[in-house]
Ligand SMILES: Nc1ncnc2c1ncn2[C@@H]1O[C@H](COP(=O)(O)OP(=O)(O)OP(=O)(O)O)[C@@H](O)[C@H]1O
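Just the one chain here, the form predicted on its own, laid out as structure tokens.
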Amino acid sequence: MRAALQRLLPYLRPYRRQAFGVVVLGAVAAIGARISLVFFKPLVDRLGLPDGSGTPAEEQAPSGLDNWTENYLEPWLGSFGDWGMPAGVSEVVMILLLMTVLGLIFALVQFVFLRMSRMLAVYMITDVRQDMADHVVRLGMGYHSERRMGDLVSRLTTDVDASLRILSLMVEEIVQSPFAILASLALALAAEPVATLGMLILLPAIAYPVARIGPRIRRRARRTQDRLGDSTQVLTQMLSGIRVVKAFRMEEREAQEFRRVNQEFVTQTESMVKAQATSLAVTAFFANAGIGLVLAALALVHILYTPIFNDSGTMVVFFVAVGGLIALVKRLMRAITAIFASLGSVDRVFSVLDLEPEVKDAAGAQPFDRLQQGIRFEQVSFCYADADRPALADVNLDVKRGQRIALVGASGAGKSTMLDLVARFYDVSTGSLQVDGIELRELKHGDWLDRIAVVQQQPFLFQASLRENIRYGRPDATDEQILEACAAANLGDMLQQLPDGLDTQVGDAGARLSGGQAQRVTIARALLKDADVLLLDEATSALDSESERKVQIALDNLMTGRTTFVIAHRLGTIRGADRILVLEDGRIVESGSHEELLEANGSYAHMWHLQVGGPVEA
């Protein structure tokens, strides 16, 4: 719990004034709720009940509560007179009025305390969620290529919500309960010190089960949240691939898989709940049976040896205070048990926040404005984490500004890795990647990304309007600039057919557009950004002939005057490239123009003849 507090404490600092107010109000409300107990003695005394002690009151030592009542409360009550009522009635009425007024005041304080404390927890956990989202989007592609979407969503939602429960309990129970316990203990001590000290032996016994079993609850809670993340992952995957699921009639299989991970979640939850129930049951035993044993012992001492209570009023105050004390301790232990059950979620949240970005600016990183000379690879090698061989090995390449470089080769040859290194989604493992003669790692990453535009094989659009999607990389663009980009991207005919024009909603991931239309929207987005370097990853491979023609025209407009790296499986789309690189097993095995490579009659010529249907030489 201390570790969790240390992790959450930085999120409290911006709200320290509000936190101080919560502590003060919690203390006032907790203590004020027990003030009414001091009026129980004069009320009970006026009932005329026998004290049951067997010893005259004057032969017993007065308690602190007796002295305070006799010296302060009774004279103050007598100062109001009888108001024309029978003897003692006006004093009882005054006590009831005073208790009512105090009850209203402290109820209002409790209302303000609860409102402030719960909103404080909401503010803090909102900051945690925001920091987590900010952190996740800044983590490198190494993390995002391996992470499971469903589990990450579970951490951002369910685990963060569980962390909110911890904060709510901490700022309510952990703040208020100790003050309430101390107030009840002070009243019990004032009523009867010896009997109260006898009751104190119960408190360690009540707290022991929670301290003993709490860490076990935390470990099991962590496993429970892991299983919940698994179930969210299965559900996310099933819904994302619903077309495939239905096409292959695998609804029952997916439902069974979801049922399996749900059952694992139930099993782990049952284990955690069992530990929680054990802790609370043992606490209840010591609280209920223990208080009975202690009270029985006090009664025997009172009857057989020496009187403990001076009168019935003192006894009532003592028992009510002690009963409240035990109830408060049980409530505090329940809150601590619930906190232990939620600590697993805190672990899962901060395990993500503890991850360091793989790519970050070096100390003294230089600003970058525009590409002036070109990009150079010198003996560049790169290996993915846990891979058994490098994805790129000893790559040497010199790209002048404005050149078009095409990358071809079999799947897994290293084409996409080269594009990722240029974008600096990853840092090179060995060698040097330079921009205008400066090591890419020495440039500010944000400045470099501002000069890059990416068009992927599978176009991704946000669930927003065409206008918002096109100006995603340039939020300050005007409608005139957007329309110019649309015209260059060959989108003019589509805009004329849409009744809402740029305000047309594209649907989830661009579902309302065809593949060719969505791809041209991403090209318009890249055009509007006006980047120096273009990274095109098989931008036409998934399109029909007519859509490919339109997209290719848009791409030609996009590439004009820009340094371009393009991956293509359809070799006819890259015939005009300044240089074509053929990659095999992470190495450049051929380099040259289309005509040069055909004349060399190597791997590229082999691929070309396979696609165009010409003769193929062994």
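A quick note: this is a predicted structure, and the numbers were derived from the prediction, not measured. So that there is no doubt, residue numbering starts at 1 and follows the sequence shown.
Below: the form predicted in complex with the ligand, not depicted.
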- Message: So if I measure heavy atom distances to the ligand in the model of the complex, which of the stretches 108 to 116, 416 to 424, 130 to 138, 343 to 351 falls within 4.5 Å?
- Response: 416 to 424
- Item | Heavy atom distance at most 4.5 Å to the ligand in the model of the complex, all of 386, 391 and 538 | yes
- Note on the structure: Assert contact residue (the ligand, in the model of the complex, non-hydrogen atom within 4.5 Å, options 149, 410, 197, 104) equals 410
- Within 4.5 Å of the ligand in the model of the complex, heavy atoms considered, which of 145, 514, 430, 372? 145
- Message: residue 569 versus the ligand, in the model of the complex: is there a non-hydrogen atom within 4.5 Å?
- Response: yes
